[in-house]
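Shown next as structure tokens: one chain only, the form predicted on its own.
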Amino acid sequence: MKSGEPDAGELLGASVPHLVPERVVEVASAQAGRPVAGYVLAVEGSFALRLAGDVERFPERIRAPVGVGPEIIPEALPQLRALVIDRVGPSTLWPMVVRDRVMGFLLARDRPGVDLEAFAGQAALALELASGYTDALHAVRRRKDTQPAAEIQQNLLPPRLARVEGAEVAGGVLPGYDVGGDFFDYAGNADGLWLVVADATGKGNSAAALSSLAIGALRAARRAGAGLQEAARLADEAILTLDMQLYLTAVLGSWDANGHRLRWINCGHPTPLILHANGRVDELDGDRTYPLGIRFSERAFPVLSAQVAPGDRLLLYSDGVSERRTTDGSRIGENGLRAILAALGPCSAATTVRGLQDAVIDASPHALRDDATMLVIAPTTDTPTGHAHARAARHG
């Protein structure tokens, strides 16, 4: 960034939080010498929505199915640029990148004489910080009303795209504005990459309440240094205290980047799938236990183990994916899911999730009646520096 240009702290400090988007486009327009607008993605990842900028010069929304949730897939940036140019004409787009997450973009018509790449990075940080103090960004990302349960769900989820030690991670939940009983979670820690995909029984507010307690119990256990079995036991006990006669299916796992070994517990959940580098799709089946929250005088949590190496992609998913109805009234099923994975071929974790989501949406013209949740882990051969994807995002 050039001397004299504002950094993220100055952008945030110069305005009350809900005015930071307007401040960002004001400074960007002054630097570019022409109007600039800021865009973010809707929560379902299919539309770019104007966050701030001249309403006469820039459209309110641009159809752009290039996201996993509200985060833009870095390798989809060329497609995004083409969609934007098709909609608004010749223009220049600068991705707003926070670490390895592309959380929006700045847009100017034609090609200004000033490159806003460095400023876009500072703008991303300012907007990310401001989002903790205001609903301004969150409101724009919701292009239609969100049900309370789905709002809770959105707030439970971690970043949709990430690079952790030795792996890419991508997770998504459809439909985004309704239902609200599923969740995924992950954390890259010194003892490995912790993973969970879970599905609460019921719908709406009761399912969201159950999921909220479960994810809180699992995070508390993880942050207290518990192992997989202890985390599962504590979550089970927490759900039982609700006395709501509800339960939670889940896969809890931990993946070691050094040995490329996955350890997991399956609590009545769909079996994880692994897509190997040679295209073969295998089930990671084995001993499992009942869902969390079902009363037993004694219960065990068997831990399974398998290799998930560079070139492989691990998929954890909820039954809203496999049980999605198709146009002929049948279900996608596990065989259909295998076929979708095979058709996607070798691609990143983010592109895999987006491809799966598109397949679920396209399976039927009818709206989803259940959450379709997926989490993909793609081991890599390199140790991430935190900048590789950011460079790809800026120059892709």
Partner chain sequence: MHEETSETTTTIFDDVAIVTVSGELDFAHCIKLAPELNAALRSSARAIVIDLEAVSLVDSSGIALLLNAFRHLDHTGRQLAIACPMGSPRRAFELTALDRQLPMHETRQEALAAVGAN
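Residue numbers count along the first chain shown, from 1. Computed from a prediction, not measured in an experiment: that's the story for all the values here.
As for the form predicted together with its partner chain, it is not shown, yet the points below apply to it.
The candidate site formed by F184, E230 and L234 is entirely out of contact with its partner chain in the model of the complex, as no residue has a non-hydrogen atom within 4.5 angstroms of it. In the model of the complex, at least one heavy atom of Y247 sits within 4.5 Å of its partner chain. Looking at Q147, you'd find every heavy atom of it more than 4.5 angstroms from its partner chain in the model of the complex. Interface membership of E26, defined by any non-hydrogen atom within 4.5 Å of its partner chain in the model of the complex, is ruled out. Using a 4.5 angstroms threshold between heavy atoms, R222 stays clear of its partner chain in the model of the complex. When its partner chain is considered in the model of the complex, only one residue from D319, D282, E75, E128 comes within 4.5 Å through any heavy atom, namely D319. Contact with its partner chain in the model of the complex, judged by any heavy atom within 4.5 Å, is made by just one of N205, T134, S212, T271: T271.
Listed stretches are 323 to 331, 31 to 39, 61 to 69, 48 to 56; the contact stretch with its partner chain in the model of the complex is 323 to 331, by a heavy atom cutoff of 4.5 Å. In this stretch, 69 to 87, not one residue has a heavy atom within 4.5 Å of its partner chain in the model of the complex; the partner itself is omitted from this view.
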